[in-house]
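What follows is one chain in structure tokens, specifically the form predicted alone.
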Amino acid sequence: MATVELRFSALPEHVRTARLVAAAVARRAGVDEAVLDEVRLAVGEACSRAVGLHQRSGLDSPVRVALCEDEKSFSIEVGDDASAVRAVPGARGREAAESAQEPPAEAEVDMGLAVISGLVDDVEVSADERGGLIRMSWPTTTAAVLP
């Protein structure tokens, strides 16, 4: 299984780069050309969501993207650290203060997840002590032609 990992500062201008890399890796992995626009849009939505959560929580840590390919599928994981700040009781410093003063816009977060769910058949959203994670996957096509 091949994996490409990206980490980028939580700035909106980096989302475009993540979309371009995701589409290139998906194409190489064998994702159907007709689905590549959905891959780009879903990655853009997930990364924009992570950037927004990081900015609203005052986090300096990078957004994480893992692009994984295996024989039958291509998956993308977009991770944020913002969930960890909200989930940790007694968080300190700027992150806790900004999180308490400016809670995330839940409707905006929900809308992003709704868009992703509409684009991707296989999507999982989870959160743990490290933060939030959106995992999306698509089937790959078999390039082998039997004689």
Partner chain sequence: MDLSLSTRTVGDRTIVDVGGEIDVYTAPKLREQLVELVNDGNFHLVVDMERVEFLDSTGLGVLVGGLKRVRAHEGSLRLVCNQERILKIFRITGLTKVFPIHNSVDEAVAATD
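Residue numbers count along the first chain shown, from 1. In this text the structure is predicted, and so the values were computed from the model without any measurement.
Quick note: we don't show the form predicted together with the partner chain, though the next part is all about it.
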item: The unique member of D60, D32, D70, D37 whose heavy atoms fall within 4.5 Å of the partner chain in the predicted complex; value: D37
item: V115: touches the partner chain in the predicted complex, heavy atom cutoff 4.5 angstroms; value: yes
item: Any non-hydrogen atom of P12 within 4.5 angstroms of the partner chain in the predicted complex; value: yes
item: Proximity of A66 to the partner chain in the predicted complex, heavy atoms at 4.5 Å; value: no
item: Heavy atom of R16 within 4.5 Å of the partner chain in the predicted complex; value: yes
item: Residues E45, S48 and L119 all lining the partner chain in the predicted complex, heavy atom within 4.5 Å; value: yes
